[in-house]
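Only one chain comes next, encoded as structure tokens, the form predicted alone.
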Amino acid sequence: MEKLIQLAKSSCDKAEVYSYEYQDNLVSFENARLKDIDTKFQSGFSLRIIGEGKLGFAYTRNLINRKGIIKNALDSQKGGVEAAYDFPQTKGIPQLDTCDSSLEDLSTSRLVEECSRVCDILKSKTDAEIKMGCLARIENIRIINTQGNDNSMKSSKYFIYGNMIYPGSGLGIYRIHQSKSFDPVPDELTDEMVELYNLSSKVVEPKGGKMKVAFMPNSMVTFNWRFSSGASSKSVYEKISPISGKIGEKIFDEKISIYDDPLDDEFLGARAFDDEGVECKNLTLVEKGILKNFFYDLDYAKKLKAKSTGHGYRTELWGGDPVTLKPIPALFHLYIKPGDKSFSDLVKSMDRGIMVEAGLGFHSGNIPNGDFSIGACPGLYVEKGEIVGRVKDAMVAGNIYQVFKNVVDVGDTLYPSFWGGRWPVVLCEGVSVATKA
């Protein structure tokens, strides 16, 4: 990487080299039986150069031909992509505890044993079809640039997911358990899955209309994507954000406070610096319903005459290979401040409504504007404070900037999401629900 930077210096004003590698051990179960065992290793390097205010970008899986990658980056400058920003020069970045070395020695047989154990528990207490998966990953990231930055980190990630599918439906109760090291699934989580599954095993056909809707953590990706789009500096610059110019104004119910906390290394994915080498800091986005900040990468910070908030990440809508992507503004450590209501308290407070366990079609609709229309898959129907079954083919629709102004209560527990962030249950009222009845 150092040689590549030195070579690039002679061809451009500024340069950055990004390195990313990971190794995965994976197992998957279908119908409570082992389906697959796999090990993956991948690495790569990408080069960003800036010369005469234009951006060049190229990537490779190895550094055998350094001159070739520089030539590719120089050729890409002909596209005329403007780059008025500088690469960062940061010092004193905090050291986070992001890696447990024991995960490197974790065998796939141990992963299989844990999945089998959890499958047996879930299968013995329900009639569900059980799908499970488990992954142990070691990641290494390094970023160097011509400003003298040299940032690196190593992280370990372990997660196991379980999906209890109602017979013949393809839908079910889904949960994730994650840690920096191997950590058996706690009994509390399996008990929760079993209880929700059994309570919702009966199919009911209630009438639609305006009612209370509890957005469960797995369905909060609906909110996450729309709010993240609205609060993004990219959306502000492109004039597609409905909350542009509303700093200091109330956009949600006062029970909603939203933070991005990349420095909390008790949780997976903690970061001391983003994918541009900018120092990460905690960011308050919404406090008691009031919009406080937008988030920025280097590019859009320069365009909007602001400073990067350390949110430049190499990602796209469905994730993607970071080596092949240029940074954009993104949130990976988002959470809503939990409230003081237990799950059972939230259920008891619902006279009639649906708990959206997960959403179908959350990626569709006018995401920047905050609009959504999702299938509740499943939707757990609540009547007189009790879960009485599940609803087939129910649709929940609205706009997050309207729906989340009518929050009844927020749950007291944060759950990890497959799509990033940590979310409580959020109970809203007056939400439009369409059913077959």
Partner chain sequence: MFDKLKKILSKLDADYGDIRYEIKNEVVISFNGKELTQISTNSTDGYVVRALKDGGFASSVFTKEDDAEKAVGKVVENSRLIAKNLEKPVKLTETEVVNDTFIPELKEDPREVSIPEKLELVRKYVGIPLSHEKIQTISLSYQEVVREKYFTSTQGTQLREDLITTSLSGEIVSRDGNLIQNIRVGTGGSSGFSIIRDQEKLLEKRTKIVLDLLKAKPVKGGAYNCILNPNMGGVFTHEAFGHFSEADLIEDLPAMREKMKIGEKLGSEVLNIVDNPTLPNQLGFYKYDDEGIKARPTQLMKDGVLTGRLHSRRTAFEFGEPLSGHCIAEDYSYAPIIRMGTIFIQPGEHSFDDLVNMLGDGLYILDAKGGATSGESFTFGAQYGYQVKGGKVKEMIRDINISGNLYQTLKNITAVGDDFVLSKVGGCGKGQVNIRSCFGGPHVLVKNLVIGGV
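A quick note: this is a predicted structure, and the numbers were derived from the prediction, not measured. Residue numbers count along the first chain shown, from 1.
In what follows, reference is made to the form predicted together with the partner chain, a form of this protein that is not presented.
- With the partner omitted from this view, the residue of 345, 238, 195, 264 that lies near the partner chain in the predicted bound form is 238 [heavy atom within 4.5 Å].
- With the partner removed from view, the residue among 331, 121, 103, 171 that has a non-hydrogen atom within 4.5 Å of the partner chain in the predicted bound form turns out to be 171.
- Annotation: in the predicted bound form, residues 300, 326 and 395 each come within 4.5 Å of the partner chain through at least one heavy atom.
- Contact with the partner chain, judged by heavy atoms within 4.5 Å in the predicted bound form, is confined among 182-190, 77-85, 144-152, 251-259 to 77-85.
- The closest heavy atom approach of residue 129 to the partner chain in the predicted bound form falls within 4.5 Å.
- Although the partner is absent from this view, residue 365 contacts the partner chain in the predicted bound form, with a non-hydrogen atom inside 4.5 angstroms.
- Although the partner is absent here, residue 360 is a contact residue: one of its heavy atoms lies within 4.5 angstroms of the partner chain in the predicted bound form.
- Contact annotation: residue 34 falls within 4.5 Å of the partner chain in the predicted bound form, judged by heavy atom distances.
- For the stretch 23-43, the set of residues having any non-hydrogen atom within 4.5 angstroms of the partner chain in the predicted bound form comprises 25, 30, 31, 33, 34, 35, 36, 37, 38, 39, 40, 41, 42, 43, in sequence order.
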